[in-house]
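A single chain, nothing else alongside it, follows as structure tokens in the form predicted on its own.
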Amino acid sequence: MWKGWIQDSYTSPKFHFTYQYFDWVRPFDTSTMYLIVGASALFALFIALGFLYRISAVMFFLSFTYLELIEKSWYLNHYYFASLVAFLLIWLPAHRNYSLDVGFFKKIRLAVVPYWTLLILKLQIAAVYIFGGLAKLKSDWLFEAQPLRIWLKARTDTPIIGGLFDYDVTAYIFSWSGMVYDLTIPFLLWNARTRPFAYILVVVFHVLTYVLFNIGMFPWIMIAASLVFITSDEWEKLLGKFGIRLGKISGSAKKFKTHHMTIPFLGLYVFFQFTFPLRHLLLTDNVLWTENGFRFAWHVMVMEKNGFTEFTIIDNETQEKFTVYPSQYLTVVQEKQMSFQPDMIWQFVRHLDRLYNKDGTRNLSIFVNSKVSLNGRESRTYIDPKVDLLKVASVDNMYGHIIDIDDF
């Protein structure tokens, strides 16, 4: 609210890039959007306090996910992660001890919870790391140290370590270390012997990424979320050193009963989380170039991509031709993201058709002149400029008109 993101993201844009199958999600007026964002923050606070927990978890998941689905150009992996964790919290008994709800309803207090309540969170965090590591197993990342070479050379003014970023070897060390970190940290956190070292590594790694790269709240979310790997006995020992005693729950407190459909349902959820991020292997040979299957697959910080687009509209009856620049209709963020994402280009073409053919009687054709640069390469033609994009029937068909990159 303070940074003006409500207006920038929801109410100021005249057009929104919606997600496939979620075209029906639209923003309300400015006042209502403020209420929704404020309510989402309030529900998050209630979850933290354990106040009206179950209702708050449902409402936070719905409100936060609604805000995320309004505008595709603002997609970030940690927004998706927040929605997933919010969904999981709906099913977890996280309010059954040390919460305001227990103060009001003492009978809900639990002595123990089933292991799956912790396992599901650990697996969700592991998925982020593992697929983030797998996404780095590409020639650009490992053998060209891209895009880290670009990013680090822009941060040579960083105190103490900035001078090291002038050397290419630093980018290679960061690239390989990042890949190894992502692929190993879930297993190091899972193992009791390596857990203390692993958590220190989590803190160091994410604080460093926060300092060097503008990736929002993601480092702090992962630092906090990784605490779930610490066991109850380890918490007892750790807090005991500071004179804090958690206190044992009475043996008479009841145990949590798992519904017979819970485990099959969560099994399907885990199966989805560990297969859906791999869909790009079936869809494209180069996910960074085509971005077919890029979102929701934990491709974190693996590319620097820039583009330029302009559109030529032709009235086939009068042969009138004119050029349209996206900046006339889109925000800065929308224009930047649309310039190198085929599905967003396809959506914008449909928007132009509606603007210039309001009565539906004009026979229009729309062509795009698009240039894209990936990980420091020279800019090159992205979408076939000879294709009338109004004749491309669906988003899925759009990917077939991408001109392949020949040196990836």
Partner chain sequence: MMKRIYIFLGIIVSTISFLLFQACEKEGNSEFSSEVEYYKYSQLKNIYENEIVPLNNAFVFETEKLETLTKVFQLETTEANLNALREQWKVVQMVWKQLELYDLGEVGNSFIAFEINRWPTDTERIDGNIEGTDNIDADFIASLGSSSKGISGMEYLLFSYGLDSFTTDPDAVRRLDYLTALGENLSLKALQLQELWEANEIAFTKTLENGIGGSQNQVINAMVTLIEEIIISKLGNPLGDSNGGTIAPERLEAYRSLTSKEIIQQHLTALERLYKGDFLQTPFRVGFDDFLVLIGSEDFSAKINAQFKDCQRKLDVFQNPLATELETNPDAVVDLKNSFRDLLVLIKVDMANVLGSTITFNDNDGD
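Numbering follows the first chain given and starts at 1. Every value quoted in this text rests on a predicted model; they were computed, and no experiment measured them.
What follows is about the form predicted together with the partner chain, which we do not show.
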{"item": "is_contact(residue 154, the partner chain) in the predicted bound form, heavy atom dist at most 4.5 Å", "value": "yes"}
{"item": "The partner chain contact in the predicted bound form: residue 351, any heavy atom under 4.5 Å", "value": "no"}
{"item": "Residue 59, heavy atom within 4.5 angstroms of the partner chain in the predicted bound form", "value": "no"}
{"item": "Contact flag, residue 374 vs the partner chain in the predicted bound form, heavy atom cut 4.5 Å", "value": "yes"}
{"item": "24, 66 and 343 each touching the partner chain in the predicted bound form (heavy atom, 4.5 Å)", "value": "no"}
{"item": "Among the candidates 275, 232, 139, 328, the residue which, in the predicted bound form, approaches the partner chain to within 4.5 Å (heavy atoms)", "value": "328"}
{"item": "Sole residue of 82, 188, 287, 303 within 4.5 Å of the partner chain in the predicted bound form, by heavy atom", "value": "303"}
{"item": "In the predicted bound form, segment of 121-129, 102-110, 194-202, 88-96 with a heavy atom within 4.5 Å of the partner chain", "value": "194-202"}
{"item": "Residues within stretch 309-326 having a non-hydrogen atom within 4.5 Å of the partner chain in the predicted bound form", "value": "310, 320, 321, 322, 323, 325"}
